[in-house]
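Given next, in structure tokens, is a single chain: the form predicted on its own.
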């Protein structure tokens, strides 16, 4: 009685790959079902952020302040380094 080790190893390899494939497919389906269940009972609400009414003049002042701060920072960095 001779056992062909190559054929046996191929059988086990195919069996293992099929088990992993079935497990992964089952995992994907369970995750889809879980997502549907969560979305049904805990729906995600859209964030409500009020848009600020900033005039063009206020926006210009903000930009000018940022530019001045960056210029001052760079000037201080040159003095230290």
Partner chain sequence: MRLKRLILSWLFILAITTGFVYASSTDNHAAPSDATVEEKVYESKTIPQMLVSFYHTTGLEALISPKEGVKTSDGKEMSLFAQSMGRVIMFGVVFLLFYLAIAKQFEPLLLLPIAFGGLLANIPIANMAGDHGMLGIIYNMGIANEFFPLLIFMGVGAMTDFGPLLSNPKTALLGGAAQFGIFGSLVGAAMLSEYTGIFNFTLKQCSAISIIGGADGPTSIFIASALAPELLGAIAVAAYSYMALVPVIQPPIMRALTTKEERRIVMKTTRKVHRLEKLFFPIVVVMMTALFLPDAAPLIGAFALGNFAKESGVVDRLSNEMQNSLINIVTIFLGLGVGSTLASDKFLVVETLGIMIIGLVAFAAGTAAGVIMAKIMNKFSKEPINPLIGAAGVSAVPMAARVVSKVGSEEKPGNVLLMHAMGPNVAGVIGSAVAAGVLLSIFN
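Residue numbers count along the first chain shown, from 1. Nothing here was measured: the structure is a model prediction, and the numbers come from that model.
Unshown form predicted in complex with the partner chain; subsequent notes refer to it.
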**Message:** Since only the chain is shown here, I'm wondering whether residue 21 would be in contact with the partner chain in the predicted complex (any heavy atom pair within 4.5 Å).
**Reply:** yes
**Message:** Can you work out whether residue 65 and the partner chain are in contact in the predicted complex, taking contact to mean some heavy atom pair no more than 4.5 Å apart?
**Reply:** no
**Request:** Although the partner chain is absent from this view, report whether residue 4 comes within 4.5 Å of it in the predicted complex, heavy atoms only.
**Result:** yes
**the partner chain contact in the predicted complex: residue 12, any heavy atom under 4.5 Å** = yes
**Item:** Contacts with the partner chain in the predicted complex, stretch 19 to 35 (heavy atom within 4.5 Å)
**Value:** 19, 20, 21, 23, 24, 25, 26, 27, 28, 30, 31, 32, 34, 35
